[in-house]
Structure formats: structure tokens, C-alpha cells
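In C-alpha cells, one chain follows: the form predicted on its own.
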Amino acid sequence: MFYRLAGVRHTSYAADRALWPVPVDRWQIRALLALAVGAPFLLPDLYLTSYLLPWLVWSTAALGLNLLMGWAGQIHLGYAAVMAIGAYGAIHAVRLGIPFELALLGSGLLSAAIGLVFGFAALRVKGLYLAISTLAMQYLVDWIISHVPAISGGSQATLQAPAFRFLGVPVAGDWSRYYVALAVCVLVTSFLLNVGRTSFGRALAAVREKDFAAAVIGVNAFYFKLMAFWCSSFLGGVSGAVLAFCYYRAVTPEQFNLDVSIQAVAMVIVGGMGSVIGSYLGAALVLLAPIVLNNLVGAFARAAALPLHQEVLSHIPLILYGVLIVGFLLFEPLGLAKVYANIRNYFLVWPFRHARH
């Protein structure tokens, strides 16, 4: 059987610390990367720009939020505001003639700096109070962006993303925008995969479980919570800039309201907190499930010749989508990542049942 731990011998520290010690895991990663790189050649442009591109961008955003919620155990209801800061910052930077690569880093640093300011105040509290503090950040940033014309041009204005280059190559078509989003997503994924193997990741895990117990063993809980806020805000700013340049190609205040923050939190919770693959699965479910359900309900209504009003047809997929999320939370509270882990663990010991725990 190809999916086995038998024969995997850790003869060095490097082998013991490998991300994917099982050979089939490495082959899966290579196959997924090959499919991601070849997707523009395999899929129509409509599917590439309407489904795959936003999935990559929102997976990147979910990874950044998961660092704070999953690894550090801190709630954040204002993540869309962090993304908005990065999006507006990157557009203004590129308009001033700054290269896109530097604008991308600058947008992340700008979001991280503002997120750090709010983090100093927000991390003095816990639980529901922390959620309300981050919610205040969302409303404050929304108000500032809408009422300061120098940032947004006005509450109803739209800022078009200027033409840009990435690593000296002009980015103009759908394919090139897709590859920019893919490159950023791969870099963020590589960072998150390695966080858990560092002292920083272990300190975040200790703070997440019991912050006072972490303090007893010498972990500065407030410092590491603040660093989690900084890193998460940086990744949120970068993902907001990529969203503005590669997907929306413009930015408006309505694109980063409270609903978007709730959507990002849903991606993390449904996918699985503290899981890299869970961020991908959660983003796919939140983004694609309403579209799939809408098509299925429409096809069923036409096939069965049901005399349903268009307003009813438009609300049925939303109801099914809500039922789907509640069902996942009821039957597998740890998210889609746990479903994947259960399937993987089953094949690791098949046909035996020693891994049923």
C-alpha cells in the first residue's frame, strides 16, 4: 500500500522535522502545485477568474487570520478593515510610482502598524471583550475610509488599480494576475507551514491553550499575542492588496465591510482553526458552496417544473448554505481539516483499525 508509515525511517534531525515524511504526501503536494501552475492551460478563463483566482486570494487571507485565531487563539472581527488598509495603501503607493513588490510589502507593513496600535488596546481584554474591540476597529476604519477623500475619494468613489509590473514583468492579462496571486499564496502557505515548527509557533500554541500557564514557564503572553496580531495584520494587508490588484482591479469602501470580516471568520472556523489545509477548504466552502447550491437548486426547479417565484429560488440556496455550515459545526466542530485528517489516518493503517481515536 502506497500510503504507509512503514519504511519511513528518521535517521537525521532533518528527516525527523520534514513537513511531509510520508512519500504520498510529497507526491500530493507536487501534483497540486503542477495543477495550480497548469490551471490556465486546463480551465476556461471564466472558471479561472471567477472561481480559482478568488479562492487563492481568500485562502491567503484565511491563512493570515488563522494565524491569529487558530495558532494564537485570539478572535478578530475586523479583518476586512485590515485588508482594506492594505488595498488602499498599495493602490496609492503604485500610483506614486513605487514598484508593486515594494508596494505589496508597504501595504502589509501599514496594516501591521495600524493593527499593532489596536492590538495594544485590544489585547488587554479577552473573549467577548476582545471581539468587541476588534469590531470597533472595523467600524472606525470603515468610517475613516469613507469620510476622508484623500484615501478613498469619497464614500461612493471607486479607485481603479493602476497598471503594474511584478518582478519586472507587466501584469495585464488574467493569466498573469492569476500567477501573481498564486505566487503570494504559495509564499504565505510556506510561512504558515513552518510556523508550527519554530519557537514562535510553539509559544503561540502555549498562549492559545493557557496564557497564564504559558507565563509561568517564561512565555511573555502579551508579547506573543501582539506579534500574532502584527503578523496576521501584515498578511491581511498583503492579501487585501492582491485582492484589489488581481481580482477586483479596483477598490471601494463597500468591498471591505463587516460582512466580509464575518465571512473570513467563517472560513477559518469551518475549515479548521490552526490548520493550513483547513484555510483552503474553508475558503472553498464559503466562496463556492453558494454558487454550486444556486446552480443545483435552479437546475432542480427547471427539471421538476416547479412554479417557484424567483425570489424564493434566490433564497433557497442561502438557506441550504446555512444548514450546511451548521451541519459541519454540529457533526465535526474541528472543521473540514479534521474530516480530511480522519480520512488520511484511516488510509495510514488500512485494513487495520488501530487509528480509531
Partner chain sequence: MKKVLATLTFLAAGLAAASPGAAQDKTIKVGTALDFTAVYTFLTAEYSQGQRDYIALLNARGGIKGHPVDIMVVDTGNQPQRGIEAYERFKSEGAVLVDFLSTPVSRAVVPRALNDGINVLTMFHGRSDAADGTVFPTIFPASPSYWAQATAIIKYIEEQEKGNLKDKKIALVLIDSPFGREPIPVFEELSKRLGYKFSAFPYPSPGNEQSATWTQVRRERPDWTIIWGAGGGQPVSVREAIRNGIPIDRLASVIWLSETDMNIVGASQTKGALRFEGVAYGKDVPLIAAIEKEVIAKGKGAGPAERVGSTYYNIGVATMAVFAEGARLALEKEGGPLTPAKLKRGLESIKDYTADGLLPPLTITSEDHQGGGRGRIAAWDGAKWVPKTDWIAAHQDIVWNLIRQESAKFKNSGN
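Rigid core (definition): largest C-alpha set, two forms, superposition within 1.5 Å. Everything numeric in this text was worked out from a predicted model, so none of it was measured. Residue numbers count along the first chain shown, from 1.
Keep in mind the form predicted in complex with the partner chain is missing from the figure; the text below concerns it.
- Put simply, of 250, 125, 132, 102 only one has a heavy atom within 4.5 Å of the partner chain in the model of the complex, and it is 250.
- This chain lacks the partner; the member of 306, 42, 292, 323 within 4.5 angstroms of the partner chain in the model of the complex by a non-hydrogen atom is 292.
- Residue heavy atoms within 4.5 Å of the partner chain in the model of the complex occur in exactly one stretch of 194-202, 76-84, 218-226, 156-164, and that stretch is 156-164.
- The closest non-hydrogen atom of residue 318 lies within 4.5 Å of the partner chain in the model of the complex.
- A residue is said to contact a partner when one of its heavy atoms sits within 4.5 Å of a partner heavy atom; residue 280 meets this definition for the partner chain in the model of the complex.
- The partner chain in the model of the complex is not approached by residue 301, whose heavy atoms all lie more than 4.5 angstroms from it.
- Shown alone here, residue 255 lies within 4.5 Å of the partner chain in the model of the complex, counting heavy atoms only.
- Residues of 331-347 lying near the partner chain in the model of the complex, listed in sequence order, are 340, 343, the criterion being any heavy atom within 4.5 Å.
- Once you line up the core between this form and the one not shown, the Cα of residue 198 stays within less than 2 Å of where it was.
- Once you line up the core between this form and the one not shown, the Cα of residue 173 stays within less than 2 Å of where it was.
- The Cα shift for residue 158 between this form and the one not shown, taken after rigid core superposition, is smaller than 2 angstroms.
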